[in-house]
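Shown next as structure tokens: one chain only, the form predicted on its own.
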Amino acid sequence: MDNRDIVVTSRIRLARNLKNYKFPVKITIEEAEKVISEVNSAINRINLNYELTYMKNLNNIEKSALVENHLISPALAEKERAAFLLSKDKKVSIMLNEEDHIRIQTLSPGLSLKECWDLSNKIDDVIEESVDYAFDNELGYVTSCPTNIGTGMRASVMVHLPALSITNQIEKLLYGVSQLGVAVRGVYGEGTKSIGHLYQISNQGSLGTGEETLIEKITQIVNQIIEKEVKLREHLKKNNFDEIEDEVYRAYGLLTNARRMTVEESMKLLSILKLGKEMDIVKLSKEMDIYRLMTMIQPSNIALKTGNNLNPKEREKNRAEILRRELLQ
């Protein structure tokens, strides 16, 4: 089984602040604009061709869709004096004036924290050549939140754990992981819940430990989680095949026939279908990316695609149409 079946994405986020500016929570409009201008100039200096977008120029649906696509944080979406730079391939997002002046985020499929770190580090070096970071020789990078002081790095992976959930072992596992200094969060980060059996696993602090050590720690823990999920999938296929097969095909039947579907129900059913595809229970096209479909059917992505501010019933109908079209093509 490919690790990408379980680890959907990896992400590295670096928090940085400029030396001679107040933190974003206290920053003036003029200072906020200067921060954006300085970082944008630093990126443009080597012609990276990232697109700069000001949050004040986006409507609520556009902001929410960016959050649903994991391109910006929920916190940035609420800021008026903020902006972000986005690479053409959408692997790099540089959030400006969120909780810190700079949040460099790199995303990549599968368990690829090292690759994300290498890219984040390069972008960080580019910016630091043009600006002065707030840095303490003993503490490291100075950040708005004390838990980010040190490396300023958050290494996280999005994992899909349906077998652990079905067998009621997920809470025990996640509690054990939390005792190792690792945070477990929902799909959209801190303060959000898990939907579709998706969880974010990340380091809790960044002080006193180097970046590569933190990455190695998260990687080892995630590999242990992968091993447990794989063993449970094998156990279910061997000992509970009829029940799992029935659940997978019930999910497929609803997803391909329902005329209305809530986001919660569709995420749960897509999670089961993803499990069935990876366990070779149901035959779907190799090109069928169920995680991509999970993102497509989120509320603001639907509204953005249709160009309409749909009411809940209209959105449920539209969601069901998308699911039928994508799964029956």
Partner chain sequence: MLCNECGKNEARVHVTQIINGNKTESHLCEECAKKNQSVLNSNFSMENLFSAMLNNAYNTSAYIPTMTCSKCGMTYEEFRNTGKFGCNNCIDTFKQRIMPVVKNIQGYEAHMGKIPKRAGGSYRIQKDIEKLKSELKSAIEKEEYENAARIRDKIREMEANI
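Residue numbers count along the first chain shown, from 1. Here the structure is a predicted model, which means the values were calculated and not measured.
Below, we turn to the form predicted together with the partner chain, even though it does not appear here.
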Practice prompt. Spell out, yes or no, whether the shortest heavy atom distance between residue 22 and the partner chain in the predicted bound form is within 4.5 Å.
Written response: yes
Discussion item. I'd like to know whether residue 252 contacts the partner chain in the predicted bound form, with contact meaning heavy atoms within 4.5 angstroms.
Written reply: no
Worksheet item: Quick one: is residue 128 in contact with the partner chain in the predicted bound form, heavy atoms, 4.5 Å cut-off?
Response: yes
Worksheet item: Taking heavy atoms and a 4.5 Å cut-off, does residue 151 contact the partner chain in the predicted bound form?
Response: yes
Response to the item:
For the partner chain in the predicted bound form, the stretch among 209 to 217, 241 to 249, 105 to 113, 158 to 166 with residues bearing a heavy atom within 4.5 Å is 209 to 217
Worksheet entry | Proximity to the partner chain in the predicted bound form, single hit among 180, 75, 184, 139 (heavy atom within 4.5 Å) | 139
Discussion item. Exactly one residue in 256, 223, 147, 87 has a non-hydrogen atom within 4.5 Å of the partner chain in the predicted bound form; which is it?
Written reply: 147
Item to complete: Give, in sequence order, every residue of 99 to 127 that has a heavy atom within 4.5 Å of the partner chain in the predicted bound form, or say none if there are no such residues.
Response: 99, 117, 121, 124, 125
